[in-house]
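As C-alpha cells, one chain now follows by itself in the form predicted alone.
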Amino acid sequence: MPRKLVLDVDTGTDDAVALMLAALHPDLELLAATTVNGNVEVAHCTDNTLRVLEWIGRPDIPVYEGLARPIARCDFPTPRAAKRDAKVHMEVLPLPEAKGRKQRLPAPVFLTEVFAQNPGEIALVAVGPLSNVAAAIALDPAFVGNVAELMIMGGAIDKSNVTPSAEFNIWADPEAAAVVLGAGWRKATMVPLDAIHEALISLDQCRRLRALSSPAGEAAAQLIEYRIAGYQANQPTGVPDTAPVHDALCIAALVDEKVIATRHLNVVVETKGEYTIGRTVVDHERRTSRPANCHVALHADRDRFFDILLANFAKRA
C-alpha cells in the first residue's frame, strides 16, 4: 500500500523536483501540497506548485496556501526581499500557467483537519520555512500526535547558506522552527545541508533525465540545470557542474531509508543570538543532557538518490 504524505513547500526549483517525485512515485500517495512563504512569496509558491502538478498530469492533487510571513517576526523582512537569489530560484517556473486554483481552506487549518481525520497514518514532509507547521501546532494540541512522521529539509551542522551560521529554511522563521523541533513528534527526521551536499546532481545526469522524454524528466533537467548555473556562479559546490536538489532528497529518503544515514540526536534552534539566529544546534557529540528529539541525516548516497529520480521521472501520470 502506498505511503500517504502531505508535502509543505515553498516552490522553488528544488521543491518542484520534490513535488514531481512525490506525485509520481508508486510507493507514495501525495494527498495534498501546502505552500508557505520562502524561496519566493507565498502567492508565487502556490502558482508554481499548481503549474508543476498540472505539468506532470496530477492536477487532482489539491494545493492549500499558507502563511505569508513568519509567525513571530512581524518586522522581519520577507525572505526574498532580504536575500533575493534569482540565480537559483525564480518567481515563476518555466511551465504553462495552471488552469486549476488553490483551495479555499488555509494551509494550517487543512493540516490540522487532514491529520485529525487520519491519525497516525500520514507523513508530513516540510521542505520550506516551518511557519505552517508551527501554526498547525498552535491551532490543535493533538496535531503533533496525529502525524505519523515529520521529515524536515532544513538546518545545518557545519555548512550554511544564508548567514555564516544558518540554513535558509530555519533562518526564515526561526521561532517556528524552534516550536516544531521542540514539539515531541512520534518520529522526526531532519535532512540538513551537510547530507544534501553529498547528493549533488550533475549536468551529465540532467542529460540523462532529459533523455527520458517525459514531462517530469524534461522539467527536472531544465530546473536542475538552472540551479547548477546559479551554484557554479555564486556558491560553487566543490564538484564541477553540480548542484544540490535539497527537497527531493527528503522524498527519496521517505521511500528508501538507505538514501540517508542518520543519528538520533538533540536539535534546538537559536532564536536570540546576534550572529547566530536560525542556527540548528545539533548535539552530535552529546555535550548536553538534552534528550534526542530528531533523526539527523549526516550522510547521503548520491547514486542511490539519482537512481530514484531517474526511475520515477520516466513515468507518466
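Just count from 1 along the sequence shown to find any residue number. Keep in mind that what you see is a predicted model, and the values were worked out from it rather than measured.
Another form, the form predicted together with a small molecule, is not on view; read the next lines as being about it.
Asker: In the model of the complex, which of 21-29, 8-16, 290-298, 305-313 comes within 4.5 Å of the small molecule (heavy atoms)?
Answerer: So the stretch in question is 8-16.
Asker: Within 4.5 Å, heavy atoms only, which of M153, V133, A220, A243 is in contact with the small molecule in the model of the complex?
Answerer: Partner contact (heavy atom, 4.5 Å) among the options: M153.
Asker: Since only the chain is shown here, I'm wondering whether L193 would be in contact with the small molecule in the model of the complex (any heavy atom pair within 4.5 Å).
Answerer: Judged by the heavy-atom cut-off of 4.5 Å, L193 is in contact with the small molecule in the model of the complex.
Asker: Under a 4.5 Å heavy atom criterion, is N39 part of the interface with the small molecule in the model of the complex?
Answerer: Result yes; N39 sits at the interface with the small molecule in the model of the complex.
Asker: Is there a heavy atom of F143 no more than 4.5 Å from a heavy atom of the small molecule in the model of the complex?
Answerer: No, no contact at 4.5 Å.
Asker: Examine V127 and determine whether its closest non-hydrogen atom to the small molecule in the model of the complex is within 4.5 angstroms.
Answerer: Flag for V127 set to yes.
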